[in-house]
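Here you get one chain, nothing else, as structure tokens; it is the form predicted on its own.
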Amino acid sequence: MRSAQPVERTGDVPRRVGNEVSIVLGQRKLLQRFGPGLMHAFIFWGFLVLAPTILIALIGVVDTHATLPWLGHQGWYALLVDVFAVLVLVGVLAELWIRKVQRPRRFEGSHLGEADLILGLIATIASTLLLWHATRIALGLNEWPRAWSPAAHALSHLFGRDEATRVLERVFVWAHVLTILAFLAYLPRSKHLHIGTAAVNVWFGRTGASGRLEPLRFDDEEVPEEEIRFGAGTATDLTWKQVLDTFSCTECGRCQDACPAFATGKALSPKLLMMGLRDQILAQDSSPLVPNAVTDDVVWDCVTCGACVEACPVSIEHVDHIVDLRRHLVMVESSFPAEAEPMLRDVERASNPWGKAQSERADWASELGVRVLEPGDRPPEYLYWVGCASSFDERARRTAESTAKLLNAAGVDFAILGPREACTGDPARRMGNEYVFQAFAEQNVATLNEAGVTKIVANCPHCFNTLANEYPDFGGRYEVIHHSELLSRLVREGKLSPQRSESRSITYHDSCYLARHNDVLGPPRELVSAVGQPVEMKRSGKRTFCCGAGGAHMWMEERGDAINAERVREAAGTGADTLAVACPFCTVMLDDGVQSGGQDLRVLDVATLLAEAIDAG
């Protein structure tokens, strides 16, 4: 930890306290899978309640007739101990059933032998405690009213009041104490190291939007040039939070289960990524992380959707690890998938991944009466950040046209930058080229600030995320909203009046960068409900399934089954006739999936759906 790289994780104490209460004490993220989560919660809460019994047992080893002052005499505490000792045993049995009988795929690659040993130790601790209390009740040595210990009292009928019971009382208390000490000695050397680090990791977890990446500081004058960090090449390049992440991994596999890359046969398992990094850190191995801790395929399979981060019960930030590995590969080793090279080249050369001339960026708006903001012009109430996809891709362009028509119809004062709008740098950044991203961030922030922009509406969740969460690191602080948020508000205010079709069924696909990374869930659904009958997919909201475009995969070849095809099959399974989206990347990827799979679905942005419903009225 001391040799790791620095990263700022202070401030926002109220949010950190809230995370400790809800995620650690409340087990909120574990309870997303209610059955297994409740079983784990029984064990966790049980050990919190039983913690003072360690002192009581240590006292009992020394003196049979002594206990912890006050607490050891309380009936209510004896009841809590009794109940939670039983719940711990129930939790252990349930965990063994899941692991040995159900055998879910998420445990593939986990250290199952270690888990069995730990569960055995936990069961021994809980059962010896109950049996110790039972023998004390049988011998009349209990300092608390025996009626407050129903389980131990019931077990006490197995014992008499003879010498054999006195010997068993000593056996059980010594077995209890020695098992606890063995457990504590084993923990730092096992996968259950997370028992000591998880709560700390949650405290230092990100408190802002999950879509923000930590910037690399190339211009920090206090850092010698040879010490500037270019991502993660070896274990010593990792930040202390990333090291803590690896120590905190519980190997539960929830991240693996949620990962769209893993679900479609790719090499990436977020769990195995953490385990590989941890093994290399603990071995103090200074060899390259790629391909020694993880393979190249693992690094490039990630779509940066954040499903792993959302599912992780201990606030591990898998995406940060992968992007840092990419940064080193791209900026230091010039090693990345060949098919991504044209995209990076076009972003640098033409200021957009499509390689089109900037002079064509506003062609879509030429006949719509959209104001193009020129230097010195009065700033609008809203700057409409169109984005590269909606400017240059034929299918995504309909979103920009529909949004502009709707804003005009509602009387919203807006304008676009036209040729002065450049790529936000998001594809380059997620690809690992931090240099290119920061160059575009500084250029766009200078343009926006010079234009006096204070409010931005964006229809691309990737642009939205970058403008709202990442540009503040470079001096760009604006009020940024997604176009679905503005349009839903205009509908609520009566400035837009769509005609609702009762016969039209629509299933809405949550964009990862909108729903999961930025918590925009309600507004797109309000628009869907305003124009037709909504039908939810099983994986929706913050637990949505990716379209496959994130992490620069819009421009990369895909190995294994196609992520977009998997998502389209799920959408078609709802029986809906329309697949609504709120992202131009999702528009392109899911439309491709529909065409390749032959499903009878229309893929339309919520803005286009709204515009059609207004025209129908």
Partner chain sequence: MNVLICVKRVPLTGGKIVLTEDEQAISTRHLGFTISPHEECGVEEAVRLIEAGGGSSTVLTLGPPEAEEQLRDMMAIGVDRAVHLVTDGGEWDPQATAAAIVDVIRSEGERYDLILFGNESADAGNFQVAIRVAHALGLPCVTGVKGLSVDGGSVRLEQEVAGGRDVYVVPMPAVVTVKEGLNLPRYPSVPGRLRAKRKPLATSTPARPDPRLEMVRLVLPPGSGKQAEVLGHGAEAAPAVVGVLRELGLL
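Positions refer to the first chain, counted from 1. Owing to the predicted nature of the structure, the values given are computational and were not obtained by experimental measurement.
Another form exists, predicted in complex with its partner chain; not displayed. Remarks below refer to it.
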Legend entry - Residue (of 263, 195, 175, 357) lying close to its partner chain in the model of the complex, criterion heavy atoms within 4.5 Å: 357
Legend entry - Interface residue in the model of the complex among 362, 404, 537, 436, criterion: non-hydrogen atom within 4.5 angstroms of its partner chain: 436
Legend entry - Partner-proximal stretch of 458 to 466, 338 to 346, 500 to 508, 150 to 158 relative to its partner chain in the model of the complex, 4.5 angstroms, heavy atom: 338 to 346
Legend entry - Heavy atom distance at most 4.5 Å to its partner chain in the model of the complex, all of 77, 114 and 199: no
Legend entry - Partner proximity in the model of the complex: residue 379 to its partner chain, non-hydrogen atom cutoff 4.5 Å: no
Legend entry - is_contact(residue 284, its partner chain) in the model of the complex, heavy atom dist at most 4.5 Å: no
Legend entry - Contact label in the model of the complex: residue 419 to its partner chain, heavy atom within 4.5 Å: yes
Legend entry - Distance check, residue 184 to its partner chain in the model of the complex, heavy atom within 4.5 Å: no
Legend entry - Interface residues of 368 to 399 toward its partner chain, as seen in the model of the complex [heavy atoms, 4.5 Å]: 374, 375
